[in-house]
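The chain below stands alone and is given in structure tokens; this is the form predicted alone.
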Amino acid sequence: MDAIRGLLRFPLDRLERLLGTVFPAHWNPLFNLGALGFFFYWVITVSGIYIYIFFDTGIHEAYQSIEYMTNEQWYLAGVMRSLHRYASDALIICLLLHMAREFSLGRYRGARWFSWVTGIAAMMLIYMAGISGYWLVWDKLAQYVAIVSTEWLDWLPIFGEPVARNFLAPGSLDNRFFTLMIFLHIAVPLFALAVLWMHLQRVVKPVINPPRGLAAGSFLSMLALSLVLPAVSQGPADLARVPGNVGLDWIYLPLFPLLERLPGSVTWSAAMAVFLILITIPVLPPMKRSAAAVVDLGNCNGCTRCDLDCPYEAIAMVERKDDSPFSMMPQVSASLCVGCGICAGSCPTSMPFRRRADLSPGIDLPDFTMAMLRDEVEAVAKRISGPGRLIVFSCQHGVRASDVKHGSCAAVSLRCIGQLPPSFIDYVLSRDLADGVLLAGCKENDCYNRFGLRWTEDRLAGQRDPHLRARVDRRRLKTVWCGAGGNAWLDAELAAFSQEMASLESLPGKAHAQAPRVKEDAAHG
């Protein structure tokens, strides 16, 4: 499975970087696929409502009403029809890319399994809605789609009589068919929207609106395409004739030639196999879960920061059960916790300066505690020497710590960059463990754990607690959001930053940072 993800990740990573040269990070389409999908859904909805005003449900009237919109009122209804078509295609492209990207990044297992499975269900419903829309045009393509679809469905013994025979001869079809198709074409997207709502239930602070500039650009692109290459029909359907060559929509209908030529036993077996694979891969092979965060009530004041910062809603504040003066305490759901450590990074008691008592925050990871992190930082600091010494805190989902090769640098790997309390940066610099600190994580606007980068940036900027103290010289701190494939980028940044630190005649802040050490230890120990 890792090999498959790696093969898929390579082209997607190259595409992300290519788009990154054109778009700013927060506009990169691959970082906004879910939000773009919702945007295209609303474009489909609005344009579909307008089209429905002019649509007539009848064997001959359906095609004629579509032709009226395309030719007579091309400037509005025709544009709406084209927008409906192109937004539908764009929605499917977004869904497929979103699914492929989440799979390649491994974001479909553990606490994310529910979003994955409901996403698969929503995609199937959206495909059904799109295909039913082609039937409504009732041109030669619609006739072809209807015949192939019903013959494929007839292979299953679920209907009393073959459905396909309704499309094999004139007079076998009546106007009720179009009433049924209109109902399905409206009802199925509503079911899909309900499933998408469920899809977001385990997503904290979901982003369902893309950046305005990206949305405007996407809409204008579809509008230009609608004017230059409008959607048109392919001649009226004629049940007295077998439809000849038809132009397929290769976004929605790429498998129809196979359904037409291969036996139903083969295509249905393949469809069921693909479906079973898609819904079972979150548990195949069994996932080795990280230990869930644990709460130490003796060091917890119920400040709620861990609850607010958790990306997975794995923490809930409940009534305190001990005799402390604090009324609330965090409760961790082991089934939802992924062990990212962001909660530990948010805890105000994650202070490495503490020496007179154990470094035991109010919430921590049992298999990678703050005490273990401090020990590792002190150990790697002993391995670096010379001018321009750097300690790199790297996210395990970005460039691996073992790949940091610069001679005057040492790296410490974190579960997520959001696991790092800002006090550790202060600790490294005030204790002269290094001349500078560099934070390396996932690509900007694309954190593996969703909010790790954002919370870290807010903490460093003093906009979120716990924040980095003002006494820390910001010149000795650098962030590089380069992602897993950014080794060359990180190496270049490390070399430049190390040289910059070495070139300083004196490191501002070192002297006054050392002075209050005893007071600092007393305050936190």
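Numbers for residues come from their place in the sequence shown, where the first is 1. Owing to the predicted nature of the structure, the values given are computational and were not obtained by experimental measurement.
We do not show the form predicted in complex with a small molecule, though everything after this point is about it.
Trainee: Counting any heavy atom within 4.5 Å as contact, can you tell me which stretch out of 141 to 149, 435 to 443, 157 to 165, 95 to 103 lines the small molecule in the predicted bound form?
Mentor: Partner-contacting stretch among the options: 95 to 103.
Trainee: Using the partner position in the predicted bound form, report whether S115 sits within 4.5 Å of the small molecule, counting heavy atoms only.
Mentor: The answer is yes: S115 has a heavy atom within 4.5 Å of the small molecule.
Trainee: Given that the small molecule is not shown alongside this chain, does G119 nevertheless sit within 4.5 Å of it in the predicted bound form, heavy atom to heavy atom?
Mentor: Yes - in the predicted bound form, heavy atoms of G119 and the small molecule come within 4.5 Å of each other.
Trainee: Even though the partner isn't displayed, in the predicted bound form is P387 close enough to the small molecule, meaning a heavy atom within 4.5 Å?
Mentor: Result no; P387 lies far from the small molecule in the predicted bound form.
Trainee: Is V472 a contact residue for the small molecule in the predicted bound form, using a 4.5 Å heavy atom cut-off?
Mentor: Close contact is absent here: in the predicted bound form, V472 is far from the small molecule, nothing within 4.5 Å, heavy atoms only.
Trainee: Just give me the single entry in R374, H406, R450, H185 that has a non-hydrogen atom within 4.5 angstroms of the small molecule in the predicted bound form.
Mentor: So the residue touching the small molecule in the predicted bound form, by this definition, is R450.
Trainee: May I ask you to choose, among A87, M123, A401, I391, the residue with a heavy atom within 4.5 Å of the small molecule in the predicted bound form?
Mentor: Partner contact (heavy atom, 4.5 Å) among the options: M123.
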